[in-house]
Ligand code: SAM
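Here you get one chain, nothing else, as structure tokens; it is the form predicted alone.
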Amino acid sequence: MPFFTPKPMIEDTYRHRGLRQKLVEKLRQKGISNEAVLSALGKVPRHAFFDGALLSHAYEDKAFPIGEGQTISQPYTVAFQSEKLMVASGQRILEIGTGSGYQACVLLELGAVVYTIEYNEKLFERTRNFLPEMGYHPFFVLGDGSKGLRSKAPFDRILVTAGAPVVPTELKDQLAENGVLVIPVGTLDKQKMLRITRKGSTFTTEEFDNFAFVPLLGKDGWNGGNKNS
């Protein structure tokens, strides 16, 4: 099965496409410069994740609740993380925190092979059923993303879409040579975006802007044994 197919079941009108392009221009103005990332966000029909009564919010640059204490991420955040991940077509990417599936769709539009883990069973079932209707086919996994997915490692890229109290050692261990991990780390209220690059047994860390994500859950998450104050 291909990882991306046309989206026959999703209405995508001229108006929708126009609103997406306006969003892309707003992201460009806010500092996103990677044209492949901007193009990918310009292709994903974000309105498909919203009920009809909420369509007016679909192309605003803000997060929005999707139930189960989770949100569909702000487009700028998705673009920022995708840009820092430095994705190349054909790379194997592990996404921690499937959520709505919006970020996974962007990664697929970038040409990646995507494995995505969700901790919440209700969200997992909802997204696993919905994304194929849109034409997107990542590999879905239900489980503890803080432990990664050792059976499919190593990964060229790992992206964490929830705020972590620490950098899980198992995620670093599952990076391929020259692999990149992008993860927000900090307190429950605020996290610093980190980019960690592997060179053999050496890991180089870069720090970027502050963000506020929903908490990472699992063994090395906020309901595990590692917590910041």
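A residue's number is simply how far along the shown sequence it sits, counting from 1. Given the structure is predicted, the values throughout are model-derived calculations rather than measurements.
As for the form predicted in complex with ligand SAM, it is not shown, yet the points below apply to it.
J.: Hey, in the predicted complex, is Asp144 touching ligand SAM, heavy atoms inside 4.5 Å?
T.: Heavy-atom contact with ligand SAM at 4.5 Å: present for Asp144.
J.: Going by a heavy atom distance of 4.5 Å, is Ser82 a contact of ligand SAM in the predicted complex?
T.: The answer is no: Ser82 has no heavy atom within 4.5 Å of ligand SAM.
J.: Would you please decide whether Val214 lies within 4.5 angstroms of ligand SAM in the predicted complex, comparing each non-hydrogen atom pair?
T.: Close contact exists here: in the predicted complex, Val214 approaches ligand SAM to within 4.5 Å, heavy atoms only.
J.: Is Ile117 part of the interface with ligand SAM in the predicted complex - any heavy atom within 4.5 Å?
T.: The answer is yes: Ile117 has a heavy atom within 4.5 Å of ligand SAM.
J.: Since the partner isn't included here, can you check whether ligand SAM sits close to all of Thr71, Gly97 and Ser100 in the predicted complex (heavy atom within 4.5 Å for each)?
T.: Yes.
J.: Which of Ile93, Leu110, Leu123, Ala153 has a heavy atom within 4.5 Å of ligand SAM in the predicted complex?
T.: Contact residue from the list: Leu123.
J.: Scan Ala48, Leu38, Met193, Ala162 and let me know which has any heavy atom within 4.5 Å of ligand SAM in the predicted complex.
T.: It is Ala162.
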